[in-house]
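This document opens with one chain alone, in C-alpha cells, the form predicted alone.
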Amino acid sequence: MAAFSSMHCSPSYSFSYSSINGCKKQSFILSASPRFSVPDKAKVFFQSPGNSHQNGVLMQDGAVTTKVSPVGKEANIEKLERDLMSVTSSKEWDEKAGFDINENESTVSITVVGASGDLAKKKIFPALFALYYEGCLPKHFTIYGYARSKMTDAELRNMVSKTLTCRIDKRENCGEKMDEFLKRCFYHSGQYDSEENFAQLNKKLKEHEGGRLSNRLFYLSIPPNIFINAVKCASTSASSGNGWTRVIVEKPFGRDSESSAALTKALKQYLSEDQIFRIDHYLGKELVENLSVLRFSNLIFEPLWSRQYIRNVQLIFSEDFGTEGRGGYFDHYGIIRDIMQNHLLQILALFAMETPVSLDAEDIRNEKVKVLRSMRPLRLEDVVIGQYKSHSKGGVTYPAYTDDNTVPKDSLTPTFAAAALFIDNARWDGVPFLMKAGKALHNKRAEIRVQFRHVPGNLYNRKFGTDLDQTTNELVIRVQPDEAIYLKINNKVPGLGMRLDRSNLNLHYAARYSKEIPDAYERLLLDAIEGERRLFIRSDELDAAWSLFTPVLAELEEKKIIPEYYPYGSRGPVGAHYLAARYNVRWGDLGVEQSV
C-alpha cells in the first residue's frame, strides 16, 4: 500500500516490505516537492506477489492510473506526474489485467422450495414481486421455483402471474414491471431428497449468476417432515461457493420440546444458527413492528408499562372461518400449537420485554428470551379449550369441525383455546396475560388490549354507576384487519349537565396514511436477504416457548380432555369468560365499540 503527501519540503522516499499471514505486502511512501501535488483521493498500489494488478493509482471514483515504476533518488518527477495524471477507467483496467469484471458484483438467487404450493403462490411470489416493484431487490437477482411437479418456466410464470398485483398507490407501469419480474423467474423440477436434483439446480443457478459473487436464499415452503432432507440436499449440493447461503424455515417448528429440539439439532448438522431464519409472519405485521416504536419512542407509554398501572393484557386472535380443507394438517397440531405457542407468544415477548441495549437483532432477541424464561409454567386449570360444532344461521348451515372429511369423527383437537399466563419478574409480577385464539368465531381480528387500573378515588365514579370497568382506560393495538391504535378515555359529553362517556383517541392507519401497508412476508423476505434477524426466531427462543406449553399439551392429550363445544360463528366457549373472571378480567372484545 502506498500513500502520497504533498508537503512543502524536499523529496524523500522510503520503500519497505511487511508480511501478513505469510503474504507479502509492499508499502511505498513518497514526499514530493510543491511542484508535484497528487490529489488526496489518489491511492497508490504496487505489484506484489499474488497481486495481478500492476503498479497504478486507484482513484476514489474507481479510476486507475497507468503503470508507475518504483521511484529512486534519480527518478524523473515530471514523468511520474504525467503517469499519474493519465487515468484509465476501472473497467478498462480490469479488462487489460485479465480480470473477470463480474467478480466484483454480487447477485442473489432466491429458490422457493415447494413452489407449486398455496403459500408460494399466494404469499411468497407476490411478496417478491412487491419488493421488486419497490426497488428493494438487488440489481442482479434470480428467482427459482423448485418442486416435484413437472412444469416449464413458462408454466411457472403463468401460475405466478395470476397472483401478482400492484399496490393501490403504485399503479404506474404495473404490467411492464410484471413482465420484467416474470423474466427473472425460472423453474426446476426435482425431489426434495435428491442431491442429484439439487446439483442440477446448482448448475442452473451458476449460469444465471454469471461469475458474480453468489448469495443464495432458500425458502422452505414444504411440510415439516421433509425439512431435513431438503436442507441436507441444498446445503451439500446447492450452497453458494463464495457468498452467503440462508434458509427460511416455516412453522411449525415441531410439536413439543422434544421434537423441536430434534429438528433444531438436525438442521444444525448442515447449517449454522446464523443461516437459519425461522419465520413467524406475524412478527412482520406492521402493527407488531410498530409495537416497540410505540413503547420506546413515546414518553407517555414507557412509564406506564408495568404492574403499577396495567391491570391485564389481552392477546386476541379470531377467525370467522373453519379449517376448510386444512383439517388434516390442523388436526395434527391444533389451535394452541398453530397460533398461541408462536404468533401470540412472540407478540407477548415483544410487548413485555425490557428496553434492549440497541436495535441490534441479538440485543432484541436476548430480551425476548429473558421474558419467556421468566414466565410461570402453564397449568391445566389456566387453560380452556373448545371445538366448533355445526350451526344454522340465516338459512345457512355451517359445518362442525368433525364434518371435515380429513378430520377423524372422534377428534378432540381444540379449534379454540384461552389461557392465562404470568411473568414472574419485577415489572409484571401478578399481571395476567390472557390469550384467546379460535376458528369459526363471530369475526376476524388480531389485537392487543392493554387494560389499565382503575383511578384511585375517582371523583366521577358515580357518573358511571357501579361498573368500574366502564371507567377503565384501555389501549388497543389492532394488528388486523383495518389496522389501528386507539386509546379509550373518559370524556364529558357536551352540554349543561355532567354526563360522561368513553371516547377514543384514534390512529386509524387507512385514514392517516395513504400508502398501502406492505404484507408481512415482504418485510421478512427483505430482512432475510439483508441478513437482518431481529424478526426471526432464535433456537433458544424456540426452546423457551415450547417449555411453557409442552407440559400442558401433554396433559391435555394424555387425559383426553374433551373440548367445550361452541356454535360456528359464535363468540366461543363460555368457559373462556369464567377463566377471565377468575382473574377479575373482562374480555375487551365483547362489548359494542364505536367504530374507529
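All residue numbers are counted from 1 along the displayed sequence. From a predicted model like this one, the values you see are computed outputs, not experimental measurements.
Form predicted together with a small molecule: not shown, discussed below.
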{"property": "Answer option from T413, Q451, S109, S221, heavy atom within 4.5 Å of the small molecule in the predicted complex", "result": "S221"}
{"property": "Of R212, K251, R311, R478, the one that lies within 4.5 Å of the small molecule in the predicted complex (heavy atoms)", "result": "K251"}
{"property": "Stretch in contact, per heavy atom within 4.5 angstroms of the small molecule in the predicted complex, of 112-120, 259-267, 384-392, 236-244", "result": "112-120"}
{"property": "Heavy atom of R499 within 4.5 Å of the small molecule in the predicted complex", "result": "no"}
{"property": "Heavy atom of S297 within 4.5 Å of the small molecule in the predicted complex", "result": "no"}
{"property": "R376 within 4.5 Å of the small molecule in the predicted complex, heavy atoms", "result": "no"}
{"property": "Interface membership of I226, the small molecule in the predicted complex, 4.5 Å heavy atom rule", "result": "yes"}
{"property": "Within 4.5 Å of the small molecule in the predicted complex, all of Y192, R326 and Y329 (non-hydrogen atom)", "result": "yes"}
